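Starting off, we have a lone chain in the form predicted on its own, written out as structure tokens.
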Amino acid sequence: MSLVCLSLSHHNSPVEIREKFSFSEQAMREAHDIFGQISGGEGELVLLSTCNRIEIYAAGPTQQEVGAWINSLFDLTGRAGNMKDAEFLRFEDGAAVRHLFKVASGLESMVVGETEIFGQVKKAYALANGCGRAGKLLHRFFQTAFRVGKKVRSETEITRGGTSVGATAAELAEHIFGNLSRCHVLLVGASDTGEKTARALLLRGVSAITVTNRTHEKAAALASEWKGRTVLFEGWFAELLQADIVVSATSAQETILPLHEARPFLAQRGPRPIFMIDLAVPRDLDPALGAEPDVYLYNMDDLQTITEQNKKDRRQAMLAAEAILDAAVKDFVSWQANSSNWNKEKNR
């Protein structure tokens, strides 16, 4: 069996390209079913779709067959037309193994060492397994990646210091406002990334928080925990009048705050700065908002410059992590190449 990984991430593609290939959870389930039909049940598939990366891990008898199945998947999910704009990196077998191990360990993250990606990879594997597309090879592949990720985090200092997008966004807010104690935060959406960003802002002294989400019960639970308030999702635009910081991280597949909807509220604010951080892919907030007076709009790609120092601070830990990966990749590739072991697993 051969392994293929295609990767589109913040390393090689801007957010306006990544958002064209992102998958909602329902779209991922449909894609796994389509892949099973394309491959006649032979192909294995795990899709990873986050704010910073869209990756396809697939396995089949040969590289050529797997590549053809992936091309058909793009076509049948309506993404083939965007391929001319994308530059997917392709990894095969040993290179694919190393890449996933690096992703699961946080070495490929915008904020090196962040832990959120580990949970996202586990969730992607669980969804594929539930759809019946994680077979013997991808099962062992991902289980090994989880062990490697844990080993890297426990045996190196890769997680030392601030290791999340949320912490980076909170640091940026401090650059804009200075002391955050008088700032009011509006959290739009209750995703893990948005929640962690809100927590990071609260830890830095934010005085008030309002939460809105399509599922009001989830918003209410978070607001209660943080001694904040909630507003119905249908009317959250009015909260722009008092918010100093807007954190938006929904799973919507289209813009939720167009410029023409925001302008009346921004005009009523007067000359007061508002910091908007768009953590969603596809983006929640109209990019044109960034040209409005007193609006500081940042998306996931804008955070990359801030995280460059993070990489320098973790250089030694990254070298130690790479040594762990070297041994793990060698072991896995040896197992994959051992046909007797593979046949034994396959026929169990």
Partner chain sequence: MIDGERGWLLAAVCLYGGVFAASLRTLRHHSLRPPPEAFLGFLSAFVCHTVFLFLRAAEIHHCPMTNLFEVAAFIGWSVALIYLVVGPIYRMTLLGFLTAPMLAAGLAVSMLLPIDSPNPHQFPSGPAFELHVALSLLAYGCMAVSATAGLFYLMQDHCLKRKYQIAWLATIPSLHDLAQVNRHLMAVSILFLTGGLVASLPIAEQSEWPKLLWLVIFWFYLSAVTAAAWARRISSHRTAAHCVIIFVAMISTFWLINSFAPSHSSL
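Positions refer to the first chain, counted from 1. The term rigid core refers to the maximal set of C-alpha atoms that superpose within 1.5 Å between the two forms. Since we're looking at a predicted model, the values are computed, not measured.
There is also a form predicted in complex with the partner chain; it is not shown, and the following applies to it.
Contact with the partner chain in the predicted complex, defined as a heavy atom within 4.5 Å, holds for exactly one of M28, I34, I70, V295, namely V295.
For the candidate set E157, E225, E261, D192, a heavy atom within 4.5 Å of the partner chain in the predicted complex is found for exactly one residue, namely E157. Segments offered: 166-174, 194-202, 231-239, 80-88. Contacting the partner chain in the predicted complex at heavy atom distances within 4.5 Å is 166-174. Using a 4.5 angstroms limit between non-hydrogen atoms, G119 is distant from the partner chain in the predicted complex. Though the partner is left out of this view, R147 does not reach within 4.5 Å of the partner chain in the predicted complex, counting heavy atoms only. Of the heavy atoms in R182, some are within 4.5 Å of the partner chain in the predicted complex. At a distance threshold of 4.5 angstroms between non-hydrogen atoms, G290 is in contact with the partner chain in the predicted complex. Contacts between stretch 253-286 and the partner chain, counted in the predicted complex as any heavy atom lying within 4.5 Å, involve P271 alone. For D294, a C-alpha deviation of 2 angstroms or more is recorded between the shown form and the other one after rigid-core alignment. Superposition of the core reveals a Cα shift of 2 Å or more for L285 between the shown form and the other one.
Here G178 counts as shifted, since its C-alpha moves by at least 2 Å between the shown form and the other one after the core is aligned. Note: F275-Q120 Cα separation is 3 Å or more longer in the predicted complex than here. The pair R153 and A170 is at least 3 angstroms closer at the CA level in the predicted complex than in the present model.
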